[in-house]
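In structure tokens, one chain follows: the form predicted alone.
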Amino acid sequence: MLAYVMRRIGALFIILFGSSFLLYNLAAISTDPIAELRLSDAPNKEQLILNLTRELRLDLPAPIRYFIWLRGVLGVFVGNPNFGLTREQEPVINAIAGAIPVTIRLVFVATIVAIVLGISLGITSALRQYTRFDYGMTFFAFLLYSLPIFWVAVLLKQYLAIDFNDFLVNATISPPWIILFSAATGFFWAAIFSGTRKRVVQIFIGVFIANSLLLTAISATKWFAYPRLGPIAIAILGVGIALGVTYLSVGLQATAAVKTSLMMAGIGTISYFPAQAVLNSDRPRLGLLALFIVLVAVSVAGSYVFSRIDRGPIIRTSLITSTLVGLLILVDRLMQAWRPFVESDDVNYRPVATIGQSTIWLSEVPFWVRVLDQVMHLILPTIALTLISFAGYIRFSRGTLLDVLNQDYIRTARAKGLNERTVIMRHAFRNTMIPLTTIMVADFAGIVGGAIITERVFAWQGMGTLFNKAIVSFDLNLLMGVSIFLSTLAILANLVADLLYSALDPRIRVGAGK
């Protein structure tokens, strides 16, 4: 294994050297940084051209300039890297370091949501093969996959920002919209559970009525204007989360896991009250960390109370339940900051932002108001990126699971009398994740690469914008700095995917061959 990793790292350096050499020379040959100066009418034009030529060393051949640049880059091994200066005389390393956190904040959440939703809907589509839900998901996935991101972003700005901000003035839902949303929800859940025609109709009617009553209550109370969960809603949602997570993890027949998850839902609800004091303290970040540690500790302790053997699955189930309940408490705390945020002069009752990564003129505001401001700036780009990327996960996970379900070991597991949930979750799903690993690792590496179009549309200053700036301004040092950084991540992602393959599939032994 060690020899294999060392060989791959050696190949990494060779690939980086070759690709960077080609990119540098092609970019240097195809661009002319002093083209505009040649057309200038400035009286000191010749002096400006001479200064820029000396500054960028344009009097030297491109290959020689590359090796001068490479010498500075190799200083990373002695703790003194030098990627050169941008056209604004800013160190390239500083420009990249300032853009990376912005890009991660923009793309990380969208990538996680796309993976979770895409794989979940893809697996459900495979299990409901050739049903209404399967056909609907197939159409939906191909539709989203073919949509241009800039067009989706413009639609989101219009309907989820401008029109939704107008809606928040009254925060009431009209009866036609209630009927439309309830019908769509009814169709979705009826397709999920499927069954006989009578069962589908019953599910549709039940969901339609329940959703209509819920939306009517939300409209009557103007919940969107004064959003809040509170302990009662957290308790109800917590019980649903506990049962759902237990069903997917170990099955509801595992009484120890059910008791532990329900206990965590109850403890999470009770912790709502002391959590308010902790989250409202002078150090809210420390309060969040303390809340997380307490929930994890109680989750592990609960598994020891209700089970004496095979505690691993129970600990996993209770940890997921407690984490999701903790997120509900965090969402409730952000909702409490809604009115101060909306009523501030800087926001002026237009909370859904269309551009920028924060309202920079929001100064001297409480911690949670500032966090909510950043969340509201994340909503539109996150939805745009999620809609485009999770369609691929739907199709790939569906096809992979259908292929796994046709394997001999799945038929053997069913022949042994294992229930369908165990066959799907413990046998089929784990093997479905093996080919998905490559896509997920590549996506996480691409996070730092940024989303050029999305960042342009929503005016975010991340890696995508930095890369576009380097191309437009003929900034060779900035272009090479961004490219070498992203190339390294891409190659390392492939190495990590190979190593994960050997960890997930015992039939694969990386480096065992000659």
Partner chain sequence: MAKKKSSASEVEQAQVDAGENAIFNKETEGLSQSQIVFRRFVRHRAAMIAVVVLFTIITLVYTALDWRIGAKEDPYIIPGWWKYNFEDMPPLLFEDCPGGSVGCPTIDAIPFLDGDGVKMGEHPFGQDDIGRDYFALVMRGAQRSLLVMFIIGLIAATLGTVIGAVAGYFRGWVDAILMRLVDFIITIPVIIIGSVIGYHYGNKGAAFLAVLLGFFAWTGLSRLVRGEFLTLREREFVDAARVAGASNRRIIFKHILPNAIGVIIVSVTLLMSGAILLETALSFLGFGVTAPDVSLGLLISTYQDAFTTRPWLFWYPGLFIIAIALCINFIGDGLRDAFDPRQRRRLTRKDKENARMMKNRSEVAS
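What you see is a predicted model; the values in this text were computed from it and never measured. Residue numbers count along the first chain shown, from 1.
The form predicted together with its partner chain exists for this protein as well; it is not shown, and the discussion that follows is about that form.
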Every residue of Gln253, Leu330 and Tyr349 near its partner chain in the model of the complex, heavy atom within 4.5 Å: no
Interface membership of Ala503, its partner chain in the model of the complex, 4.5 Å heavy atom rule: no
Contact test in the model of the complex: Arg395 vs its partner chain, heavy atoms, 4.5 Å: yes
Interface membership of Ala497, its partner chain in the model of the complex, 4.5 Å heavy atom rule: no
Its partner chain contact in the model of the complex: Trp151, any heavy atom under 4.5 Å: yes
Stretch in contact, per heavy atom within 4.5 angstroms of its partner chain in the model of the complex, of 202-210, 276-284, 171-179, 153-161: 153-161
Proximity to its partner chain in the model of the complex, single hit among Val78, Ala297, Ala220, Leu143 (heavy atom within 4.5 Å): Leu143
Selected contact from Leu52, Leu37, Leu60, Ile452, since only one has a non-hydrogen atom within 4.5 angstroms of its partner chain in the model of the complex: Ile452
Members of 6-27 lying within 4.5 angstroms of its partner chain, judged by heavy atom, in the model of the complex: Ile14, Ile15, Gly18, Ser19, Leu22, Leu23, Leu26, Ala27
